[in-house]
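Shown next as structure tokens: one chain only, the form predicted alone.
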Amino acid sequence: MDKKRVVVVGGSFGGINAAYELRRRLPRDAEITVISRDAAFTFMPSLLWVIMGWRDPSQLQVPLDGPLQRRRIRFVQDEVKELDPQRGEVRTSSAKFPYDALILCPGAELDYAAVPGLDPKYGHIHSTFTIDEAVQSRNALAKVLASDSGRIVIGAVAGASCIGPAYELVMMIDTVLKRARKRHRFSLAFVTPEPYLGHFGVGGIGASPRMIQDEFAERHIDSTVNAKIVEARPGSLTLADNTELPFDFSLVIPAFLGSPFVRAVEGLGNAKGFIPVTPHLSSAKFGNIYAAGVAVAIAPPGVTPVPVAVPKTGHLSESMARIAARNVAAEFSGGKMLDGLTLPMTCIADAGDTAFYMSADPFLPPRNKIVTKRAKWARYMKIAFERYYLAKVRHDLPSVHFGW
């Protein structure tokens, strides 16, 4: 077999695991290159704990250069500007990288422009998808929680696919206020495009909708479902039905867009820039381009009155990336290809004083197995998993999924 060149775009859950899996599966002389605009891997699920003041951002990051180079994987910190499938070439702002196979795990862009005033740069709505956003949210929330009373609105816009963090945050805030003995002086509101609480973009996971609805009732968290946020202004969110939701602090999950370099290649992405793939996770148009995680186009299992996208958790991104890498190796060697679209998913939603463990196999219905539990042990499991996963990134430890 000729010496092969594989380029991986992305340095988060998908990219790092795709690279490690390629190194295990491909011959020693294969060239593997990871291109990431970020110098470090960030354990994104714990950014909520940064917002709550329970983590320092430095505790959640692992520089990528050292771990990758120790495994003979070239690391390039740069931003992909252009992709040329005909030439088999990825172009950054400073160099060109030819490939025999390409694995795209670039995540997504945050579509703040879809709702006027939503972008955190304006200072009145907050978010949780970068270290800077989490720190800005932490500082603003701390001021409100230090006061004697306040109005807090947490939610997501139409088309959002990562609504889970909003659920976690509103429950964690409730927990903190109760511990401070001033919950009775604060209003907590949750606004979501989902048709019902616990839908999560996948029609719910077993008993999770009833669990979440009961939990919100016990915590006195007001909720608005089938909600479409159309404008965000200082101190107020406006819904499509002209409802106004006043706030002293608000964090809203935006919708996602595919990466600009994907949207620029005709036939690679759909209208929003997400990549339609075969069951083997190769592009529906370009056979030697694979995709994993958020970059993959996955249709919702059902139509909802207000659009809700399918979530792609870190667990799912990692699983897809490893299968994509195995299929690249199989393509080179003539081996058996694996199905990467009927995967299980595990998720743990932290509430500050307890947690919700949800597991679905496969992640889209109908399913062969579902597990849903509400328990304090699930919270400790999530804390342990954070520490394990950071060590896994540093040392390429075996994959386990006892908590996300």
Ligand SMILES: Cc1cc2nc3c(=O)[nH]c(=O)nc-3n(C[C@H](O)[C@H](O)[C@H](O)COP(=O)(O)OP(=O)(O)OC[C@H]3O[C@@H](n4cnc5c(N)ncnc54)[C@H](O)[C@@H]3O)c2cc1C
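The model shown is predicted, which means the values in this text are computed figures rather than measured ones. Each residue number is its position in the shown sequence, starting from 1.
The same protein also has a form predicted together with the ligand, omitted here; what follows describes it.
In terms of contact with the ligand in the predicted complex, the residue from 97, 216, 129, 286 that brings a heavy atom within 4.5 Å is 129.
This chain appears without its partner; in the predicted complex, the one residue of 170, 90, 197, 162 with a heavy atom within 4.5 Å of the ligand is 162. Contact annotation: residue 65 falls outside 4.5 Å of the ligand in the predicted complex, judged by heavy atom distances. Although the partner is absent here, residue 326 lies well away from the ligand in the predicted complex, with no heavy atom inside 4.5 Å. Interface membership of residue 261, defined by any non-hydrogen atom within 4.5 Å of the ligand in the predicted complex, is confirmed. In the predicted complex, at least one heavy atom of residue 106 sits within 4.5 Å of a heavy atom of the ligand. Note that among 354-362, 38-46, 367-375, 24-32, the stretch whose heavy atoms approach the ligand to within 4.5 Å in the predicted complex is 38-46.
If you take 3-39 and check each residue for a heavy atom within 4.5 Å of the ligand in the predicted complex, you get 9, 10, 11, 12, 13, 14, 15, 35, 36, 37, 38, in sequence order.
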